[in-house]
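Presented below, as structure tokens, is a lone chain in the form predicted alone.
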Amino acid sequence: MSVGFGNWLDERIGWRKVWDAIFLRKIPKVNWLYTLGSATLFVALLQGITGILLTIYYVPTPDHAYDSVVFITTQVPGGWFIRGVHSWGASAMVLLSVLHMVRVIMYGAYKYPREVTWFTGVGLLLATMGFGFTGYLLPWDQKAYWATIVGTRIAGVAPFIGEPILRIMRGGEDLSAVTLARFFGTHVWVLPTILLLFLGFHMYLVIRLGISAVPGKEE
């Protein structure tokens, strides 16, 4: 970006203040454990990119879901790699999210004035778990089918509200085309929207309040 164009754009949208607030803010002396949040964000972006690429070929119907996954893996150039990154990235995202939360608890980073940052982080963790659960069914193979049977049944044993939740998740009494469509819609539309909202607010709070120092090293 040339200096002249940068000045012209800054006068109109003030991008330099945003840049300074994000990349030139002062942070305390930290260690490698503080990279877990950034690593989770990187994996989330990777999941979004690979997920979009997979939806180009994936067909969310019981008759074609499995065949479309096989086609992606065996026929689409680089499809095996994209699916592999997305599959392993799902596990990595859950693991990194949990480790990030553990680091926050160990270092007391959830305390004043960062309580709301903690709440948004919990929301992000729950959304991540939701991605893992809804995405597991999409290949529509035997492992995915029976794992979802068990997973939805666990929700169904909750007192009073278990059965309604079970029917809502499955779209009926049993797993069917409605279940697959419902899980697919939740995976590619509902959860990404929730994730983006929580992530945007979470990042705003991290930039506004800063990050906590390592215990015992506060300036």
Partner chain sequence: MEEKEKNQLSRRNFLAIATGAIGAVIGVVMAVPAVAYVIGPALQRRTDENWVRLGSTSKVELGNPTLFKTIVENQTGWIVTEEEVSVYVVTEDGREYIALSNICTHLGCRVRWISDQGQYFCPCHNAAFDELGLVVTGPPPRPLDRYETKVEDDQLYILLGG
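For clarity, every value in this text was computed on a predicted model and none was experimentally measured. Positions refer to the first chain, counted from 1.
This next part talks about the form predicted together with the partner chain, which is not shown.
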Site test, Thr50, Phe71 and Gly78 vs the partner chain in the model of the complex, non-hydrogen atom cutoff 4.5 Å:
yes
Within 4.5 Å of the partner chain in the model of the complex, heavy atom basis, the matching stretch of 176-184, 59-67, 190-198, 161-169 is 59-67
In the model of the complex, which of the listed residues (Val104, Leu96, Leu138, Ile82) lies with a heavy atom within 4.5 Å of the partner chain?
Ile82
Using 4.5 Å between non-hydrogen atoms, is Leu54 touching the partner chain in the model of the complex?
yes
Is Leu46 near the partner chain? Define near as a heavy atom within 4.5 Å, in the model of the complex.
yes
Using a 4.5 Å heavy atom cutoff, which residues in 145-160 contact the partner chain in the model of the complex? It's fine if the answer is none.
none
